[in-house]
Structure formats: structure tokens, C-alpha cells
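Heads up, the chain below is alone and in the form predicted on its own; it's given as C-alpha cells.
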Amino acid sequence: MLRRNNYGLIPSSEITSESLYQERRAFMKLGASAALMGSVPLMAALDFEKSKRGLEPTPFDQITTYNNFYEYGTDKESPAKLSKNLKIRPWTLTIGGEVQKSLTLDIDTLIKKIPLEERIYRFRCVEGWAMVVPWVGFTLASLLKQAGLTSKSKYVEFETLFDPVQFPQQSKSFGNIPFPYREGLRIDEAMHPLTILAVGLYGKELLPQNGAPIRLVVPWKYGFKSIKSIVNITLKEHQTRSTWNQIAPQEYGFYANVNPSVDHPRWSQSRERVLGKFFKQETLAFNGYGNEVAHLYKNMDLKKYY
């Protein structure tokens, strides 16, 4: 069986395994939010091309056990081990700043209000590893439009929950990270149809280590831009704060677009290691989404604005 999207036909067998869709049935029993997620239409990510790149969705157990989430620690295994007690209900998301009307929405109300869809995206870490994730979520644009943009809505800032009890590293000021974690986008990046807020993956509700209950996903940028466990979204007139850019601007640019020709001081970006694969592969500009997003950076020096 094939499913159609705007970029052609993709065998559904290459998108999500039957066994994982059976798991989705069990997930639907968990409640209203889960039931809504069970009705998500199957939508392949734009330009997802297994035949050309040898990619397939990364197994669920790898996606959920190999994570960067410094609120829990520096190694990849700590988030899955230490996040089990994160309280993701009740949870509210506030949208404010340079908007026509500020909003504070309960996560379940939000999920009911905006139709969900599945997006299968490449995910690329600046450390040189990559995965392919079948997210469930909705476009960020659909939420920002509810608050209403103004002539001063030029940047968007996101903020992670600050709770040192649940996020133990927040109380230790690890590595001089100024918690809460913050990230930012230019408004045209935020409003782009590829930019989503994810509330699930593989048809299941997001686990804490993956940024439950709601996180940003910007597939053409390095993973540190896709901030987890968001509580505040603030529209601003001027460029917003970005935690890693604030700590080490010489290493982490504000834009953080995947660029094989611009290396991080510690990691080459020319090649990447896909989890579960033995051989490395060449990195694609904009993580393979150049046809959709390169125009956003026309006439910009991408080595200067990295």
C-alpha cells in the first residue's frame, strides 16, 4: 500500500512497522489524548527517500534510550533512566510577548484543538550522529496564528520547564548552563510548514527523555535547536536567547543549520553516523531539506551565520 504526499509516493512499509502500529492501538486506550493520537493520518516527511539514502525509521528503543537532555546528565543513557517520574500532567503552555492575544493552554486542550499528523523526519545532532524519527504533532504556525502575529513578531523564543526537583542537573548549574534552557527561531523559520511541535513519536505519547509532553522539531537544524519540555513561547522583536549560542557562540551559531562545509570545533560535519548503521554517510546540506528551506537564507553567508 502506498500513501501520497506532496513529494510523491512512499511505500507505507518503509514508514512504520506493523508491530509498532499495533502498539499504537494499545496506546489509544490510555485516554482522550491517546485516542486522538490514534487517529493521526499517515504522512511521510517531505523528501524522505529511503531508496536514495538507505534510510529507514530508527527503532523505537534506540530513539528512546540515546538522548541528549542535560537536565538529567551528560551521557546518552541518563535521560531514559532518570526521567521516569517527570510529571507531564497537568501541563500548560503559554504563548505571549509580541502577539495580539496571550494564550495559556492546557496540553490536552491543545491536542484536542489542533489536528495531529505524523511527520517522519531526519534528525541530526551536531555531535555527528543521526536518526530518523516518526514524530506526531502539528505545525508551530498553526499555534502561533491563534495568538496572532504583529509587526513586531520577528523572533520566537522557547523555554523549557524549570524544576530542579524533576530536572536534577538544573540545581547543579552543570557546565555553567543558565537554566532554564532556551532556544529561538526567526519568525519565517517558525512559520515554515516543516517546523512542528511534537507530542508523540511512533504513534505513542512522547516519553520524558524525548521531551514530553511537547517539544520543538526543526528538521533542517541541528538537534539542540529542537528544545524539549516547553512551557513558554514568547514572540519578540529582536533576536532571542539561545542557550548554547549564549554559552559558546564560537561553537554554536544561532541558526544551527546542518551544513557539511562548516565544522564544529570538535566535530566534523561532513559525515554522519546513523544510529544502528555501521558505515558513516555524507551529510546533506540543511539535513536534506534544502529544496524546502534554502530560500530562507538567500544572500546570507552561511559560514558567518552558522
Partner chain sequence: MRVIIWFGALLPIVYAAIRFSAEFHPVWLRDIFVFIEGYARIVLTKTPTDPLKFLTDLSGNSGLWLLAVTLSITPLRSYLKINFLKYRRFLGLFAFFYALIHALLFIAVDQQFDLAATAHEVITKPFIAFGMGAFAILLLMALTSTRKLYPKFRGWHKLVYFAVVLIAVHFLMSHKTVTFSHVTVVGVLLMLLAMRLVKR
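Positions refer to the first chain, counted from 1. Nothing here was measured: the structure is a model prediction, and the numbers come from that model.
Not pictured, yet referred to below: the form predicted in complex with its partner chain.
Mapping the unseen interface onto this chain, Trp244 counts among the residues with a heavy atom inside 4.5 Å of its partner chain in the model of the complex. Mapping the unseen interface onto this chain, Pro249 falls outside it, with no heavy atom inside 4.5 Å of its partner chain in the model of the complex. At a distance threshold of 4.5 angstroms between non-hydrogen atoms, Gln62 is in contact with its partner chain in the model of the complex. For Gln239, no non-hydrogen atom is located within 4.5 Å of its partner chain in the model of the complex, even though that partner is not displayed. Looking at 85-109, no residue comes within 4.5 Å of its partner chain in the model of the complex, counting any heavy atom.
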